[in-house]
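First, one chain by itself in structure tokens, the form predicted alone.
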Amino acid sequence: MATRVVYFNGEFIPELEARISIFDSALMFGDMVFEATRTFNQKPFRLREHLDRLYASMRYAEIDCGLTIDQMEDATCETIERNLPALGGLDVQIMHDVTRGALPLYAGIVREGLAPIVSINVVPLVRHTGSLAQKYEKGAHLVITPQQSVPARYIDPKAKNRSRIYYKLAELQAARMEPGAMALLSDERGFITEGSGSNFFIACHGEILTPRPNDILRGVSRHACIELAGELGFPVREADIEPYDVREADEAWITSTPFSMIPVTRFNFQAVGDGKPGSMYRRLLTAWGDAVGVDIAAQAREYEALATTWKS
């Protein structure tokens, strides 16, 4: 089978050879920005929206990667095209990483030089969505963690950056609270913000609520969900959401690039609604699948079966 390749500063190299120095600013400071999108039927989903956010993140971090957004889009499409023989018809995660480059202190021992490094890689979503397949029917359990979101006045979460150890700490705390539980973060006032890599929604009395876009990553999948809700005639409102509101909600769900939408059927060890995926969630997921030409939950089950013997 063909070997996957990675776009690396204008060249295409084997995936296993794509490495950066231990003296790179990304490793020293978490000083890099990134984007993760995915394909449906091997076509990128809302790629331009992801790239718009990537370039907004670079402006925030004051990184000039040396490529225009059109050049980045072309490089992305070429990366996908070059990897098609190695993908076996599977859908993939598309990852863009942009690091500031090595620190000048180490100029003499870094072979890549000091300029920013741009890499684009594609990895089949077998483990990404396969590991979540059962949650499309059973739902996820979200718990509010002691680790809170970092306020935008410190690190703006609207810029998608790798300085996010607080997400990892929240995940570790959630796993200690209950194996398999997923983290849900809050702000300094106790209002719910986001998951560790997902956006949050509740539905109550026919209205959809999602946290205000202040101290959250304004997800592309969040935006897609809001658009689909509008097409289905569901009113959507950005609001301050308290834990009380989730306990009283009829249903809840999270959105994220790899899995699109997953229902939340338990919150802080209590059932959400009747403890089953709700009707609004199901209609939205169906509409999403119709829009991209993929049965999203069925694909996750297919990938779950593949994951048992998946090597790469």
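Quick caveat: nothing in here was measured; it's all calculated off a predicted structure. Numbers for residues come from their place in the sequence shown, where the first is 1.
Another form, the form predicted together with a small molecule, is not on view; read the next lines as being about it.
Engineer: Mind telling me which stretch in 238-246, 157-165, 139-147, 202-210 gets its heavy atoms within 4.5 Å of the small molecule in the predicted bound form?
Structural biologist: Single hit among the candidates: 157-165.
Engineer: All three of 76, 96 and 121 touching the small molecule in the predicted bound form at 4.5 Å, heavy atom to heavy atom?
Structural biologist: No, because 76, 96 and 121 lack any heavy atom that approaches the small molecule to within 4.5 Å in the predicted bound form.
Engineer: Let me know the one among 135, 128, 222, 100 whose heavy atoms come within 4.5 Å of the small molecule in the predicted bound form, would you?
Structural biologist: Answer to the contact question: 222.
Engineer: Just one of 39, 57, 265, 256 has a heavy atom within 4.5 Å of the small molecule in the predicted bound form. Which one?
Structural biologist: In short, 256.
Engineer: Is residue 53 close enough to the small molecule in the predicted bound form to count, meaning some heavy atom within 4.5 Å?
Structural biologist: Contact check for residue 53: yes, within 4.5 Å of the small molecule in the predicted bound form.
Engineer: If we define contact as a non-hydrogen atom of the residue within 4.5 angstroms of the partner, is residue 217 a contact of the small molecule in the predicted bound form?
Structural biologist: Contact with the small molecule, yes.
Engineer: With a 4.5 Å heavy atom cut-off, would you call residue 198 a contact of the small molecule in the predicted bound form?
Structural biologist: Yes - in the predicted bound form, heavy atoms of residue 198 and the small molecule come within 4.5 Å of each other.
Engineer: With the partner left out here, check for me: in the predicted bound form, does some heavy atom of residue 194 sit within 4.5 Å of the small molecule?
Structural biologist: Contact with the small molecule, yes.
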